[in-house]
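In structure tokens, one chain follows: the form predicted on its own.
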Amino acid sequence: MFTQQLVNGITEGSLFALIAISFSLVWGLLKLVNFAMGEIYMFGAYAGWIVVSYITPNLFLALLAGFAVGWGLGWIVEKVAFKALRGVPHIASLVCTIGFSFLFKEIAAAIFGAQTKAMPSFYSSTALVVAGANVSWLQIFMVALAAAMMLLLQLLFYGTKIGLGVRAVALDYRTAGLMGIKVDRVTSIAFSLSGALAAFVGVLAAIYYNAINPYMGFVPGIKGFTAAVFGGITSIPGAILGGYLLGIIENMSVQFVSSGYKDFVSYLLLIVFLLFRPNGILGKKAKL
């Protein structure tokens, strides 16, 4: 059971890490939190479900559809909740993202219904057995895909002009603007990318748990934020570390305490780190 929970923790940690990166991108640019991220995750799951249920049973097209929907929703949230409210107190943008969270939930419930729907399974057969733990092809696929996405993000941020622009704006947007960087364009791209990542994870999570509903995004959104705070919300490597540690700690709590305390552990970690180490594990050392 210990090994099985470790495997499960690494798998879920891959999802938490990608959501945590979404939060880190937004925080790095504007020092704000997008609390609609969980609902963008949810809409990504529905986009993937529509593709595999009504168009083609192709997992990669489902992931692409989720990515595209998340990109669009991230762009909308940035234009309405952040750009339109620039210059006013930050609390206004924060409340606006909370409003988007409720709005997206109700739109999804009106379109798809409030009941839980089944997501088709992919790669569910056992690939190998490690120390008595069953590792499915889906778990291997998810961990490998998450690792590939993280590598691509690192290449984007540290090997392209867009990435340089994002890091410059995160460091000092006024100076970046004086140097000729189009701050609004860079911010819009970063927000769209953060939404696309969240929706991409939503598709993976829907396949992993075989279920979707309009309210599925709240808990993953909170856990993604917790992972970002845990590892260091100002740091993408910290967000990745926080995601994997949170996934492993959660699943180990199932092994050593009880499955009923799994979510409790996440919320407790969030409170503890906000109180005693708000910069997280790597927050002081690593930068976007």
Partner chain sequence: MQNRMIALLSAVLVLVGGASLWAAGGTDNTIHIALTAPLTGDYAEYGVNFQRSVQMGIDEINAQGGVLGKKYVLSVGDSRGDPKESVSLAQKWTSDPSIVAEIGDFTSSCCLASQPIYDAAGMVQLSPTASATTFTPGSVWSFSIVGTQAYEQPFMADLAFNKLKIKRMAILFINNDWGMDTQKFFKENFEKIGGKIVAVESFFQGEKDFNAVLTKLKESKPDALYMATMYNDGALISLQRQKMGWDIPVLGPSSLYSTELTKLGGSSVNGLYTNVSFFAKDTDPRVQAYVTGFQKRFGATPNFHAALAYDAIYILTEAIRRAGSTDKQAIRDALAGIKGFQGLTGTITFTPNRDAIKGYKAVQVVNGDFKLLK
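The shown structure was predicted, so the numbers you read here are calculated from the model rather than taken from an experiment. Residue numbers count along the first chain shown, from 1. Here the rigid core means the biggest group of C-alpha atoms that line up within 1.5 Å when the two forms are laid on top of each other.
Beyond what is shown, the protein has a form predicted together with its partner chain; the following relates to that form.
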item: Candidate stretches 92-100, 133-141, 194-202, 75-83 - the one whose heavy atoms come within 4.5 Å of its partner chain in the predicted bound form; value: 133-141
item: Heavy atom distance at most 4.5 Å to its partner chain in the predicted bound form, all of Q5, T116 and N210; value: yes
item: Residue among L241, I222, V254, L30 with a heavy atom within 4.5 Å of its partner chain in the predicted bound form; value: V254
item: 4.5 Å heavy atom contact, G260 to its partner chain in the predicted bound form; value: yes
item: Touches its partner chain in the predicted bound form: M149 (any heavy atom, 4.5 Å); value: no
item: 4.5 Å heavy atom contact, Y215 and its partner chain in the predicted bound form; value: yes
item: Any non-hydrogen atom of Q154 within 4.5 angstroms of its partner chain in the predicted bound form; value: no
item: Interface residues of 228-244 toward its partner chain, as seen in the predicted bound form [heavy atoms, 4.5 Å]; value: none
item: Flag for S266, CA shift 2 Å or larger between the shown form and the other one after aligning core; value: yes
